[in-house]
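This document opens with one chain alone, in structure tokens, the form predicted on its own.
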Amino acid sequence: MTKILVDCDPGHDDAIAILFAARRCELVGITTVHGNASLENTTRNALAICTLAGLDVPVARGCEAPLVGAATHAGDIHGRSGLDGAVLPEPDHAPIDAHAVDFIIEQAERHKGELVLAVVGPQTNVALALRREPRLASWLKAITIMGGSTTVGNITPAAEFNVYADPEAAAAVFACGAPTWMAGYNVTRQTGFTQPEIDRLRRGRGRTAAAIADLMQFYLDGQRRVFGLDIAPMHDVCAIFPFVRPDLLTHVEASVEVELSGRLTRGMTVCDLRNKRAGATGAIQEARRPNARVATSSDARALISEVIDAVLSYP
């Protein structure tokens, strides 16, 4: 079973990623970061999800702002708390004393060659961990990222939220040299809960399924209102599937770079897929050596069915 550490900014889809990772992997810890809400809220939300599901997992607080500039939040989609839509229990434990940056380094050293670092929020914690410990990239089995896009963005026409929220950090992580997987908005926006699937969760037994159904209904309503989508995208869990059911996502090896200075394109992930399309001859010279396995499609319904089974397995 894959050892995994989830670095996140809960967030409705982050909550699902935590629950799924705890059932299908060996979840060694959770680190929190600014993003969908303030660090105070994302940390409380992570602890509340652990309490809801009865997970005894260490949670470490991380960075409250990006490397450059002010924090960006996503209240239009996730609500003021970052996890609106259900009454969650008060956390029954506090974050550990270690900072997320130190905890990431500690766990990577403890599980050398075994640990997958799932980065499903802005990548500030990980960029600083790489800066503090230059050996970190070589210690990791992989970094798997929910972030970026091979096509359109969601926070700007060109940029996906997690990368836009700290482009300098994302650039450092993609360039670090660790085996890297990318689940971008091009795939994740099409991979989510439909209304009948939320109804299936609601028919489940126990407080976890009931609370998650309420959360997903709030999230779906926000997606309909803001983006006109008729699914509640499960962005973050897509980053975990390569280490659980790799057959449910298609990946290609490609060069990924983060645009840092464009007036209209800051935070854009520039993915060189020119030789990856069906029928390509390979005659085009790639801009850079491939540095990531980039998701290009998913078996969305099978993937979401796996996620629902995992959520329904909680008491």
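All residue numbers refer to positions in the sequence shown, first residue = 1. Please read all numbers here as calculations on a predicted model, not as lab measurements.
The form predicted together with alpha-D-ribofuranose (RIB) is left out here; the points below concern that form.
Requested in this report: Report yes if any heavy atom of Phe241 sits within 4.5 Å of a heavy atom of alpha-D-ribofuranose (RIB) in the predicted bound form; otherwise report no.
Outcome: Outside the cut-off, so no.
Query raised in the report: For Asn154, is any heavy atom within 4.5 Å of alpha-D-ribofuranose (RIB) in the predicted bound form, or not?
Result: Taking the distances in the predicted bound form, the answer for Asn154 is yes, it comes within 4.5 Å of alpha-D-ribofuranose (RIB).
Query raised in the report: Taking 4.5 angstroms as the cut-off for heavy atoms, does Phe103 touch alpha-D-ribofuranose (RIB) in the predicted bound form?
Result: Looking in the predicted bound form, residue contacts with alpha-D-ribofuranose (RIB) do not include Phe103, since no heavy atom lies within 4.5 Å.
Query raised in the report: Should Asn162 be counted as a contact of alpha-D-ribofuranose (RIB) in the predicted bound form, where contact means heavy atoms within 4.5 Å?
Result: The answer is yes: Asn162 has a heavy atom within 4.5 Å of alpha-D-ribofuranose (RIB).
Query raised in the report: Based on heavy atom distances of at most 4.5 Å to alpha-D-ribofuranose (RIB) in the predicted bound form, which listed stretch, 193-201, 107-115, 229-237, 168-176, is the contact stretch?
Result: Flagged stretch: 229-237.
Query raised in the report: Is alpha-D-ribofuranose (RIB) in the predicted bound form near all of Asp13, Val120 and Met146, within 4.5 Å of a heavy atom of each?
Result: Spot residues vs alpha-D-ribofuranose (RIB): full contact, yes.
**Report entry** Sequence-ordered list of residues in 78-93 near alpha-D-ribofuranose (RIB) in the predicted bound form, where near means a heavy atom within 4.5 Å
**Finding:** Going through 78-93 in order - heavy atoms within 4.5 Å of alpha-D-ribofuranose (RIB) in the predicted bound form - there is one hit, His78.
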